[in-house]
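Let's start with one chain on its own, the form predicted alone, as structure tokens.
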Amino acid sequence: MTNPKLAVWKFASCDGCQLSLLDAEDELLAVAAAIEIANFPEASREVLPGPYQLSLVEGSITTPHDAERIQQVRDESEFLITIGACATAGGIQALRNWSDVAEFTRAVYATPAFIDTLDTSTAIADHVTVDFELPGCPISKQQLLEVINAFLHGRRPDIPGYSVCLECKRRGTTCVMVAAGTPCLGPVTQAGCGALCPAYDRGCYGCFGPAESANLESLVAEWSRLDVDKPTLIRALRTYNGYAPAFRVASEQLEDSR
């Protein structure tokens, strides 16, 4: 019996989430023994033809060419899993979605006519069916290994949907928003980073995107109580996961109310 084929695909992104698999180091040996890494340019020049039993997709869709290419990836993949904020929410490049891309193109490129780009940066799920989304900027290598393990054993990945606040409690970190009045996105952000920023007395930046049932209305009210103005709050919501539905709706409501 042959091992299932794994393919790793890159779209508009920085490659950081792909590298999380290589960062697994010792665990990667066990993964390589259970899966045939058939298409992974970051790790090998050898590319084996599909179909692939598992595809990991990093990056957002920002060009007409990539909008076509993701359809081909979907056709070649039995299971397709998106990894990282770019693939699951459009990434930091989704800031273009609230701006004039043509104006940016004219300002940056000597010959804008040569640039073939979309007005938006969108998640992979906006274009094809996705079997599972793994958020993060970058993703957690432990969570990625859990996703691959779940695939090998035919079960759903055990990835938490609760907020960073629970991670703070588990590591004994004092709440920076309650104790110091530091604006923090932890209450509405999905766990996965181990509450890294609050552990160093900084507010959460929302790297892992909205948690399940994120209460943005309450967060906005609390930040307002801390005298955070609307433009600052909008900028805080429009970072790595700014185009994730929960963050997007909240920031647009704030913008409309100014």
Partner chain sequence: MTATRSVYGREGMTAASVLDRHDFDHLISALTEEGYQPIGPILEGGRIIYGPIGSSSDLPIGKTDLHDGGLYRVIDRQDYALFGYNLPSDSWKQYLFPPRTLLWSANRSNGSFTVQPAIEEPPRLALIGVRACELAAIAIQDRVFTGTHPDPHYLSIRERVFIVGVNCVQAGGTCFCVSMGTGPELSDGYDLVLTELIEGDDHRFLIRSGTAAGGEVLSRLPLVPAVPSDCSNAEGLIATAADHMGRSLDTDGIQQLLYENPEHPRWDAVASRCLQCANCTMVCPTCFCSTTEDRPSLDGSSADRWRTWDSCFSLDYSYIHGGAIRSSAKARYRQWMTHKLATWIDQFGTSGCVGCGRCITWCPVGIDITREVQAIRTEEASHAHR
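Note that this is a predicted model, so its numbers are computed, not measured. Residue numbers count along the first chain shown, from 1.
We do not show the form predicted in complex with its partner chain, though everything after this point is about it.
Checking Asp119, Asp158, Glu103, Asp116 for any heavy atom within 4.5 Å of its partner chain in the predicted complex turns up a single hit: Asp158.
With the partner omitted here, the residue from Glu42, Asp227, Glu212, Glu68 that has a non-hydrogen atom within 4.5 angstroms of its partner chain in the predicted complex is Glu212. Although the partner is absent from this view, Glu36 stays clear of its partner chain in the predicted complex, with no non-hydrogen atom inside 4.5 angstroms. Although the partner is absent from this view, Ser218 contacts its partner chain in the predicted complex, with a non-hydrogen atom inside 4.5 angstroms.
Shown alone here, Leu152 lies within 4.5 Å of its partner chain in the predicted complex, counting heavy atoms only.
Among heavy atoms of Leu166, some come within 4.5 Å of its partner chain in the predicted complex. Although the partner is absent from the chain shown here, Tyr162, Ala180 and Glu222 each have a heavy atom within 4.5 Å of its partner chain in the predicted complex. Here the chain stands by itself, but in the predicted complex one stretch of 172-180, 104-112, 75-83, 121-129, 172-180, has heavy atoms within 4.5 Å of its partner chain. Residues from 95-117 do not approach its partner chain in the predicted complex: none has a non-hydrogen atom within 4.5 Å of it.
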